[in-house]
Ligand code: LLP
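Just one chain is shown here, as structure tokens, and it is the form predicted alone.
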């Protein structure tokens, strides 16, 4: 999906803010991620405006895009961070955020990561199992610290989304099952190094229907009532992220205001600060992936292929989730052709679009794969010995390199 506020055509050439994308490709090469800083800010502010009537704290989900400049842009806006590993915690701290604005999640945190979070002074450690609660208590005791903990509840709400991004269903690995809550609350009486400060849930990504949030939030509110009856002072109430964005113009996302209309009345006046964890919502449409058409070919049945220099190593979502990404020409063309847009990786799943109407570009011209701000660069790889692309951030009329392109030497620098 093209964020028309920040990506648009000017004199027939696609631009980011005021910067021509063909010029960026010439300067920095392809494949190339181009990020609009103002798009990130605009999305964050629109989210904050929707929930302005509710005491809340928004923590950007770093897993969506962990480029330091992306994190820093949002930190400068007052955003917190949700991290899922020691590596993401390291990145968030490197970006300059105060540790007391970081919540640390992850279904399989190691003791080293737990120690890193506690020593860093994160706001909350989120626990997803009885065994993990015992591990956090053990590490905190060894360090002589009290761990501020939120427990992630699995609300057993199955949202209508891709099965790989469904996280609130009892069939999945995430969270503490409702049936275990009695044991968990009792455990806090016996583990001296833990303080139960928060409740948490996350039901998945790309949730278009607000009623799934309503159902899951009501379940978590029932847990809040139980916790308070048992004497726990719950300060934080985390309902996760998963708010939708538009990838395919034929399936527009539900406006964020629709979610706020349902959730604010449920949550206001509950005596807690609500935590949100938007990631994709903020980052997805802030970036495009520029790629050059290397070759065109047509097979004996007349099928057309555009072979480009980016592939599943730069954007694995079409292969992994069968996801839709719009693909457009950087230079506008009057005519179009039905073609597959495929990459150079040695896999049949290496494609961006199949049998799509595409501008009739020639070899050597540029295409832009849209909506690559979330789960593109972060899920990239060196498969086939490919080099990770450069990343550029545009702010108004200025373009800044925010990640250098890898070199062949860097592919082997850690091998002995």
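Just so it is clear, the model here is predicted, and its values are computed rather than measured. Residue numbers count along the first chain shown, from 1.
Omitted from view is the form predicted in complex with the named molecule, to which the following refers.
Q: Ok, 375, 44, 28, 351: which has a heavy atom sitting within 4.5 Å of the named molecule in the model of the complex?
A: Residue within 4.5 Å of the partner: 375.
Q: Using heavy atoms only and a 4.5 Å cut-off, determine which of 155, 80, 86, 278 is in contact with the named molecule in the model of the complex.
A: Partner contact (heavy atom, 4.5 Å) among the options: 278.
Q: Even though the named molecule is not shown here, does residue 205 get within 4.5 Å of it in the model of the complex, heavy atoms only?
A: Result yes; residue 205 sits at the interface with the named molecule in the model of the complex.
Q: Using heavy atoms and a 4.5 Å limit, would one call residue 91 a contact residue for the named molecule in the model of the complex?
A: Answer no; every heavy atom of residue 91 is more than 4.5 Å from the named molecule in the model of the complex.
Q: Would you please decide whether residue 242 lies within 4.5 angstroms of the named molecule in the model of the complex, comparing each non-hydrogen atom pair?
A: Residue-level check for residue 242: yes, a contact with the named molecule.
Q: I'd like to check something about residue 321: if you look in the model of the complex, is any of its heavy atoms closer than or equal to 4.5 Å to a heavy atom of the named molecule?
A: Output for residue 321 is yes: heavy atoms within 4.5 Å of the named molecule.
Q: When the named molecule is placed as it is in the model of the complex, which of 291 to 299, 180 to 188, 140 to 148, 313 to 321 ends up with heavy atoms within 4.5 Å of it?
A: The contacting stretch is 313 to 321.
Q: Within 4.5 Å of the named molecule in the model of the complex, which residues of 49 to 83 have a heavy atom? Give them in sequence order, or say none.
A: Residues within 4.5 Å: 61, 63, 82.
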